[in-house]
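Here you get one chain, nothing else, as structure tokens; it is the form predicted on its own.
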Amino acid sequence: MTTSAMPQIKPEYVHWFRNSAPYINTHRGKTFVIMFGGEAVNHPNFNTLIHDFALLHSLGIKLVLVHGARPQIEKNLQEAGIVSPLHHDVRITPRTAMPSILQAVGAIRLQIEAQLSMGLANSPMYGSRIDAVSGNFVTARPYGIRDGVDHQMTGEVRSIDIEAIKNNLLHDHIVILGSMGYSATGEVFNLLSEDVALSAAVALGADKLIFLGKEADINDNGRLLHEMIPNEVDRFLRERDLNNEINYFLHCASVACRQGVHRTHIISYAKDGALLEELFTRDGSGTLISHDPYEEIRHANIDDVVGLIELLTPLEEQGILVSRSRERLEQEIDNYSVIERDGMILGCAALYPLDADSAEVACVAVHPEYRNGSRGADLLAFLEQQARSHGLHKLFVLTTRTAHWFVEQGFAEVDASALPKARQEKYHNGRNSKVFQKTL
């Protein structure tokens, strides 16, 4: 084969694959609980989702798949002529409906197991050997009478057989949980699959709980909310009229975070590749709910020097910032604050004390791909709080190209003579920077 005839690898694919390596290493050996409804099983993208589950499994991620079956149950009940209404989006399950429900749930389980067993050549599943297991892992109790309504054979999760699930995960099995639970008396109850997923994730101490919904774009006035914390979720639910699916996903995510699940993701099953994009790229494709902010501003430490160099070098080469050597950054690291997101330094700023009453703000920088937002202003506010805590009343900044931005942040241009004397002596360095001051 000649060189010209060889297939070319797309540069964007190479870039993505290289940048996914930290996430592959981070996720290996972790436990993910992934929930999807019966609507996802009926969607044309479900075959691709199965391939993505297999890929996650091949990367050493321990998977618990929780499926719902509402549309399949509705179809079976309609064909059988059985009425099983919903009350506050919870099914009232007469005993006569159970055979139809069991048939729907069992058929989905068998479908998932069959698709995970595929190993056809020229398919993404080729060469994979996946053992999927299901069983009586969920113990249930009656949902009971709520608002005067007897929900009959509808139940709620009582407990999860953690040891049995962990043992299967230890042996590289994918565990499948349906929307059914079993009582100590041998009865079978119809459960909410979201409740099963939440209970399993909390009981297992899962690293991630992932909800796959049809329309998983959670927006605030047209802006996709990439990350939230439980308090923000609670406020969002109070202020918005959401569809039942997203409403319940968010509620479960808030509860999960407060009960020890590190991160919950809400993603669309209808978007091809959304699951992989969410797990293996920095910005993801859906909404992340975490107990701690996904993106944090903090004081820098010596381990951040490499990230600072990568952030600052392009700006130094353009003459926007004064060049700083690695040695200088290491010596002055205590003056720096950074915005970190999943191990990447997105922004930085430094605060240099000048005298007993003032300090200089320097080296304010935000990664080019993350300048749409308030990160620069947030960094500045963080420095201002530091200055106040040290009893300082004035902030100075010297800039050649970002004068308007600092004016917008409350700074006013002053003559260089307003600088403390020690700083004035270093001012005349040929850059002819403008001097701005802000009184705290």
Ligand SMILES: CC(C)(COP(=O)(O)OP(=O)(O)OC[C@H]1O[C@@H](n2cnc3c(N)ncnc32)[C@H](O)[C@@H]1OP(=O)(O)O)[C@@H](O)C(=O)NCCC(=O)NCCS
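Under this definition, the rigid core comprises the largest set of C-alpha atoms superposing within 1.5 Å between the forms. What you are looking at is a predicted structure, and each value in this text was computed from that prediction instead of being measured. Start at 1 with the first residue shown and count on from there.
There is another form of this protein, the form predicted together with this ligand, and it is not shown here; the text below is about that form.
Novice: In the predicted bound form, does each of Gly373, Thr399 and His404 have a heavy atom within 4.5 Å of this ligand?
Specialist: Yes, because Gly373, Thr399 and His404 each have a heavy atom that approaches this ligand to within 4.5 Å in the predicted bound form.
Novice: Which among 52 to 60, 406 to 414, 23 to 31, 36 to 44 is in contact with this ligand in the predicted bound form, heavy atoms within 4.5 angstroms?
Specialist: Every other range fails; the passing one is 406 to 414.
Novice: With this ligand left out of view, which of Met180, Ile246, Ala365, Leu77 would have a heavy atom within 4.5 Å of it in the predicted bound form?
Specialist: Exactly one listed residue reaches within 4.5 Å, namely Ala365.
Novice: Can you pick out, from Leu204, Leu315, Leu116, Ile176, the residue that has a heavy atom within 4.5 Å of this ligand in the predicted bound form?
Specialist: Contact check passes for Leu315.
Novice: So in the predicted bound form, does any heavy atom of Val255 sit within 4.5 Å of this ligand?
Specialist: Judged by the heavy-atom cut-off of 4.5 Å, Val255 is well away from this ligand in the predicted bound form.
Novice: Spell out, yes or no, whether the shortest heavy atom distance between Ile320 and this ligand in the predicted bound form is within 4.5 Å.
Specialist: Taking the distances in the predicted bound form, the answer for Ile320 is yes, it comes within 4.5 Å of this ligand.
Novice: Spell out, yes or no, whether the shortest heavy atom distance between Ala377 and this ligand in the predicted bound form is within 4.5 Å.
Specialist: Judged by the heavy-atom cut-off of 4.5 Å, Ala377 is in contact with this ligand in the predicted bound form.
Novice: Look at Gly38 and decide if its Cα position differs by 2 Å or more between the shown form and the other one after superposing on the rigid core.
Specialist: Moves: no, less than 2 Å.
Novice: Does Val407 move appreciably between the shown form and the other one, meaning a CA displacement of 2 Å or more on the superposed rigid core?
Specialist: Yes; Val407 is a residue whose C-alpha shifts (by 2 Å or more) between the shown form and the other one when the cores are overlaid.
Novice: After a rigid core superposition, would you say the CA of Arg375 moves by 2 angstroms or more between the shown form and the other one, or not?
Specialist: Shift at Arg375: 2 Å or more after core fit.
Novice: Taking the shown form as the reference, report whether the CA atoms of Ser374 and Asn19 lie closer or farther apart in the predicted bound form; the distance changes by 3 angstroms or more.
Specialist: Residues converge in the predicted bound form, at least 3 Å closer.
Novice: Once you account for a change of 3 Å or more, let me know if Leu379 and Asp220 sit closer or farther in the predicted bound form, using their C-alpha atoms.
Specialist: Farther is correct, given that in the predicted bound form the C-alpha spacing of Leu379 to Asp220 is increased by at least 3 Å.
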